[in-house]
Structures are given as structure tokens and as C-alpha cells.
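Each of the two blocks below gives one form of the same protein chain as C-alpha cells; they are labelled structure 1 and structure 2.
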Structure 1
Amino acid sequence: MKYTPTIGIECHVQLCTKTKLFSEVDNDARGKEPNSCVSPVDYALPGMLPRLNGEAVRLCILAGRAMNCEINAISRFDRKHYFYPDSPKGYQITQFYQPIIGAGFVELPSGTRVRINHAHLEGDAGKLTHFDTYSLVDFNRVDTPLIEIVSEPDIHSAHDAHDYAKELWRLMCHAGITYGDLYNGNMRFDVNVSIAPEGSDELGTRAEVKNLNSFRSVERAVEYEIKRQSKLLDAGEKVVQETRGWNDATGETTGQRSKEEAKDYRYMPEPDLPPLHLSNEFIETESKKLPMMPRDYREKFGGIIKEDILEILLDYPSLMIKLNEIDEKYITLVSNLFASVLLAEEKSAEYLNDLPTSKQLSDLAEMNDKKELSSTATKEVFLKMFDPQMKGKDAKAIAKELGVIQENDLGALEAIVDTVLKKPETQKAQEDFRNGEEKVIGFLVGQVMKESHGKANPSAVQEILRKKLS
């Protein structure tokens, strides 16, 4: 039988606040010792009360606006009860009934829209590390502020699932609400997959694949689930509603536990936090702070930067911000330098934190435009801008120091050409050119470049040679 897949994705996004959601403790535990970023509030010691982080609320507004969502003026917190070693309270403080972010949508690069049901603010659980005969728990991540973004089941292919996860990541990074470090779990995806016979009005039984932390894993897990569920239905068996884990090495999902329903968590209003009331003025003020989003850059640069290059650069908000500061006539050159030169460097991640100024980049592009630098020299000067010893120097000063400025003085070039044409080793090439052998012009240009120590403008040299030889 042919089946139609239906996919919904829940995404947990760690907010990049300085402190945790309910306590004044360092929120960025990357590279830190286990259980070093904790407080009595995180341990849930008796008498310890949570205090809401206002910056997390502000970031929720930016996240919502990035996804074209409504922001709810009134929201409140609830307790979600479950007992597991990574949750010292025995419950999670979340928003089940009245979330802060309402309905909206994410538009994929293809133009497909995936509706957002809502997104709620909550504290994260700790991290368990399992060994052969025991497990260790790290509470550093407890009450790290998260927003959980819940999509509608609008996705119908593994490819679109990949694109949705990536576009969501881009939106959150450009909005500045998360570090976006997938390796360290700053964004994690839970993917719900079901299939139904083609043309059916009812959805099939879904399986949820938990804790995927890469776009490729999202795509592969969806592909695997579609095949697995199709085989079951083709064999006359039923798909069981359950939570499944993903093994990136084998490319397979495995069953973990039957899926709990909401009632199993015994949701109740959080008694230690009052409802959150946001004024319309506050919501509007914070909404205006949303920077340019991928959709804005696509609209602005769509006819200037090649689509494949633009899609690469959109993964790097700092590069897009810098491009937005460059004169439009230099955008193509600078975007190509970013995509083909900078990102190809081993130290590209380090370089992204300290980009040249927009004036340095514009001056470099102008020198290239005026034929003062060859394309090779332009790349050489560009990379030299990241050298700490060259910091603050303008493009011309760096080019002079490297000795790569092209000679454009026609009188000086003519003199060099004349010198080359008088040499015995060029006589045969000159005769061949006059007899119609065009390709020898390259040899003659090369001889002039050699005579000028690589500083002559090749296009100007070729023009002078053709004029003299004809």
C-alpha cells in the first residue's frame, strides 16, 4: 500500500540567559565540572522558592515574534509531576494550560508553511550519564530556561522535517535567544511520526522519537520510521504508540516505553509562582528589538547573492549582520569571500567572533573593483585581515605590506610589455599570434607578469599586447 506520512516536531530551545530560570546561578555550564552550577533552589531543598528570570520572559517574546506568533499577555506556570533521578523536585515547572507564546508559523526556504501550535517556557531537567552497572547525575542543567516549541502536524516528508528543524534553528540563532550549540544540546528535537493509507481522513498511530540533536538525525529518523511503520502495516500488524530512541550509528530507532498521556503527569497550578501579566506596551517594546530574520535577508539579498551561497551564509548570523553593513555594489564579492574563503579555513569558528569592520571589507572590495588587486590577491588580503598583527589596518596598507597591489599605470605597463617583446624567447610566440594562434597570448601575458614580479594587471597587459601585436 501507499502511505501518507504526517510529522509533528517538538523542539526544546535552551535560552542564553546569564542565570537560570528560577535561581541566580550561571546558566552556561558548557565545559564546566558536573554539579558546579547549582543552587539550593535547583536541589529543591526544603523552603527554597523559585524566582522568575525576567530576561527569559523577554527572550520568549523575541522567539515568538521570530515565528510570527502571538504573545499572550497572561500566562501561568504549572507543575508536571514525574519521578526520575534527573529531577530533584519530583516535578518540572512548565506552562501546560496557559503558555506565553501562542499560535504562529515558520516558513521554509521552499515556501511551505509549518504552523506553530504554541511554545511554552519551562525549566530543564538534569543530565544522566549511564555506565554498565550504575548511572551518574549532573544537575548543572536543572532549571536551565527552555522554550518548548510545538508544531502542528503539517510536515509530510523527511526532507521537510530536516528543513523545518534547520529553519527553526536559524530563527532562534538570528533572534539571539540561544547559543544554538547542537552538540551541547542547546536545541533538541522530538519527532512524532505516523503514517496512514493514502487518501485516508484519519491519522495513523504515532511514534515519538526523542532527543535528536542534528538536522540530519531528524531526517534519517523520519525516513526510518516511515519504512518501519509501513512494513508493520503491510504485514497486517499495528503500530504501537510509544516513545522511541534513535541510534545514530545504526540509523535505527528502538522502543523505550509506551507513551504517557497528560493525565499521568498530574498537572496542577504552580503555587510558588504567580500568573505572569505582561502589558501590551512591554510586549510591543520588546518585539521591536527583533533583529533581521532569515526571511528579511532572503528578501533583501535574493537578487544579489546566489541562492546556494545565501543559504550557506544564513547559518551564520554574524556574517549576515556584517553583510547588511556593506555597500550593495560590493555584496556579491564579500559574500563570496565569506562563503568560499573564510568558511573553508580551519580557524573559521574563531574568525567568526572577530570579523573585519565593514569599512575594511568595503575598501578591499573597492580595490578589487578598481583592478588594484587580482582575485587571488584579494583573497590573500582578506585572510590577512584576521591576523592579530594586522588588526585595525586598512586593506590598502595590508596589500602594500604583502606587495600584491597591481600595476595599472598604462605607461609603466607599456614599457614592461616592450621589454618582453624584445626578448628572443618571445619572438616565436609573437609570430604564432600574428598567424592566428590565439592561445599563445597566455604565454606572453605570463612573461609580462614574470617581468613585473606579478604586479601587472593581466587584463590591461593583454589589451596592450593585442594592440601592439596587431
Structure 2
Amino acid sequence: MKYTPTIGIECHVQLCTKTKLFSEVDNDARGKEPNSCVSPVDYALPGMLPRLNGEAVRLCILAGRAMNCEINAISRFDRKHYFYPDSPKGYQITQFYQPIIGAGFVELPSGTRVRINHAHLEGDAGKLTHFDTYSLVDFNRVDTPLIEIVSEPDIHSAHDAHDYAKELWRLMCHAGITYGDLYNGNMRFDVNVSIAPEGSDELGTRAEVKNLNSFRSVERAVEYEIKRQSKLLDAGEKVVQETRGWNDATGETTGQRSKEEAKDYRYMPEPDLPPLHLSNEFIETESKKLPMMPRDYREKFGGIIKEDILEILLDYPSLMIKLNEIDEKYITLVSNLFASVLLAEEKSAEYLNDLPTSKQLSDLAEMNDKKELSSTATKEVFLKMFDPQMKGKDAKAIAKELGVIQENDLGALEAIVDTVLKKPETQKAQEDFRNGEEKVIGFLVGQVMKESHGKANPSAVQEILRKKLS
């Protein structure tokens, strides 16, 4: 039978604040010793009270605006109780009843719209590492600020699930609210998948696959679930509502042993944190700080940069900011240079961590425009701008050092042409050209290029040659 899949995605985004959500300790625990970024508040010692990080509130406004969401004037915090060693408090502080970010939508590159139900601010849990007979707990991640973004079930294919996850990542990176480091779990996705017979008005029973940390695994997990659930229904069996784990190596989901009784988090208002009551003015002032979003770049550069190239470059917010600073007439050239580095040269994203300045790039484009650099030389100079030895030098200095500046001085070029025309090996070609053999001009240009050690501007050379031989 044919089925229509329905998919909703929950995404946790780690905010890149300096300190944690409720304590004044370092929020960036990457590469740091376990339990080195902790405070008595994180340990939930008696009498310790949470103190809300105002920056997290500001980042929520940006995240919300990036997803075209309403920002709720009033929001509150609640306690979600559960007993597990990753949470010393015995509860998570979250926003269950009144989240800060309201409804909105994310538009995928394909034009599909996925509505956002809401997004709330909450603290992360600690990290557990399991061993044979015991587990170890690291509290560095306790109360790292997270935004949980809850989509409506508007996604109907594995491909769109992938694109939604990726577009969310881009939006959050462009908004500058997260480091967006997927490898380190800065964004984690939970997908809810159900299928129903085509044309049916009712949704099927859903299974939730938790903790996916790449776009590819989101896509593959959805593909697998659609197949698994279709097989069950075809065989007359039922889909069980459950949480499933994803195994990236086997490409399969497996049911996780779940307790028989339904979860009971006993939500209650958090008495230690006063509510947020944001004025319109505050929300508007903060919203204005939202940087250019992918949708803005698509609108601005749509006619200048080819769509497939733009979509690649949009993965790199700092690169887009740089492009935006460059004179419009140079955008095509510079965007092509970046795309060629990312594609043909197969450089990784790290290569782009430390970008040339917009002045370096504009100068380079200008030299190319003035024909001082051939296209090959332009790319050569561009690549050198990432070289630790050359970094920081301006385009002209690098071009000089490489000896690739084209000779455009007509007087100098004419002198070289004259030398070449005097050479015995060019005599026959000159005669042939005068007799109408057009294609030998290429040979003569080549000779001049050789004489100039590749620095002559070939189109200028050709012009001079034609004048002299007419």
C-alpha cells in the first residue's frame, strides 16, 4: 500500500553565551577537563539560586526572528522533574507553559514552508559516560543554555527533513546564536515519524528517533522509519508509539527499552526565577541586531551569484558577511573563487576559518578587472591569501612576490612584440598571417607570452600584433 509520511522535528540548539544559563561559569567547555566549568549552583547545593543570563534572552529574540517567530512578551520558567545522575537538581529548568518564542516558520530552499510551533529556553543536563559496572558524570554541560525548537508536523519526506535540519542550522549560525558545531553536539535533532495510508485524514502512530547530530543521519533515520513502519502496516501489524535510538553504523533504528508507565514530569512553575516581561521596545531593539539571513542573501545576490554556488556559500556565514562588504561589481569573481576553493580544491570548512579581509579581496578583484592578473594568476594569489606565510599581505604584494602581474604597459608590450617579430622563427608565421591564415595569430601571441615570461596580457598582445601585421 502507498503511505504518506508525516514528520515533525524537535531541535536543541546550544547557545554561544560566555556563561551558563543560570550561573556565572564558562559555558565553553570544549577541550576542557571534566567538571572544570562548574559552580555550586550547577551542583544544586542547598541554598544555591539560579541567576538568569540576560544574553540568553537576547539570543532567543534573534533565534525567534531568524525563524519569523513571534516573541512572547511574557514567558516563565518551569521545573521538569526527573531523577537521573546527569541532573543534580533532580529537575530541569525549562519553559513548559509559557515559552519565550512563539509561532513562526522556516522556508526551505525548495520553497516548502515548515511552521514552527514554538521554541523554549532551557538548561542542558550533564554528560554521562557508561562503563561496565559504573557511570561517570561530568557537570560541565549542566545548564548550558539551549533553545528547543519544535516544528509542526509539516514535513513529508526524508529529503525535506534533511533540508529543514540544514536550514535551521544555517539560520542559527547566521543569527550568530550558536557555534553550530554539529560534531560536538551543538545542535541535536529528535524526529517524530508516522505514516498513514495515502489520502487518509488521520495520522498514524508515531515513533520518535532521538539524538541525531547530523543532517545525513536525520535523512537516513527518517528513510529507515518510513520503510520499517510501511513493512509493519503491510503485514497487518501495528506501529508502537515509542522512543527509538539511531545506529549510524548499521543505518537502523532500534526500540529503546521504555518504562511501562507513561512519563510523569510533574511540571511546576519555577519559584526561583521571576517571569520575563519584555517590552515591545526591547524586543524591537534586539530584533534589529539580527544579521543578514539566508533569505536576505538570496534576495540580494540572487541575480549575481549562480543559485547552486550561492547555496554552497550560504553554509559559511562569515564568508557571506565578507562578500556583503565587497563592491557589487566584484561579487561574481570573489564568490566563484570561494566556490572553487571549496569544490575543486576540496578544501575543508576549516580552511575558511580565517578569511582574507574584504580589502584584500576587493584589491584582488580590482587587479583582475584591470587585467593586471590573468584568471589563473588571480586564483593563485587568492589561494596564497590563506597561506600562513603570506596571510595579511595585500593582493599586490602577493602578486609581486609570485611574479604574476601582467604587463599592460603598451610601450613595454610593444617592445617585446618587436623583439619577437624580429626573430627568424616567427618570419614564416608573419607571412602566413598576412596571407590570411588567421589561426597563426595564436602561435605569435604564444611566442610573445613566452618572451614576457607569461606576464603579458594576451588580449593586449593580440591587438598590438594585429596592428603591426596589418
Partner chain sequence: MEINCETIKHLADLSNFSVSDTQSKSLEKDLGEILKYISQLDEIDVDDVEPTYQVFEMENVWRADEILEQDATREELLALSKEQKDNQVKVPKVL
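Here, a residue number simply tells you its place in the sequence of structure 1, counted from 1. Quick caveat: nothing in here was measured; it's all calculated off a predicted structure. If you superpose the two forms and keep the largest set of C-alpha atoms that fall within 1.5 Å, you have the rigid core.
Student: Is the form predicted together with the partner chain structure 1 or structure 2?
Tutor: Number 2 is right.
Student: Rigid core superposed, CA of Phe443 - does it shift 2 Å or more between the two structures?
Tutor: Yes, its C-alpha moves 2 Å or more.
Student: After the core is overlaid between the two structures, has the C-alpha of Ala429 moved by 2 angstroms or more?
Tutor: The answer is yes; the displacement is at least 2 Å.
Student: Determine, after fitting the two forms on their core, whether Ala56 shows a C-alpha shift of 2 Å or more between the two structures.
Tutor: No; that C-alpha moves by less than 2 Å between the two structures.
Student: Aligning on the rigid core, what is the distance the CA of Tyr134 moves between the two structures, in angstrom?
Tutor: Its alpha carbon moves by 2.7 Å.
Student: What is the C-alpha shift for Val417 between the two structures, rigid core superposed, to one decimal in Å?
Tutor: Residue shift at the C-alpha: 4.2 Å.
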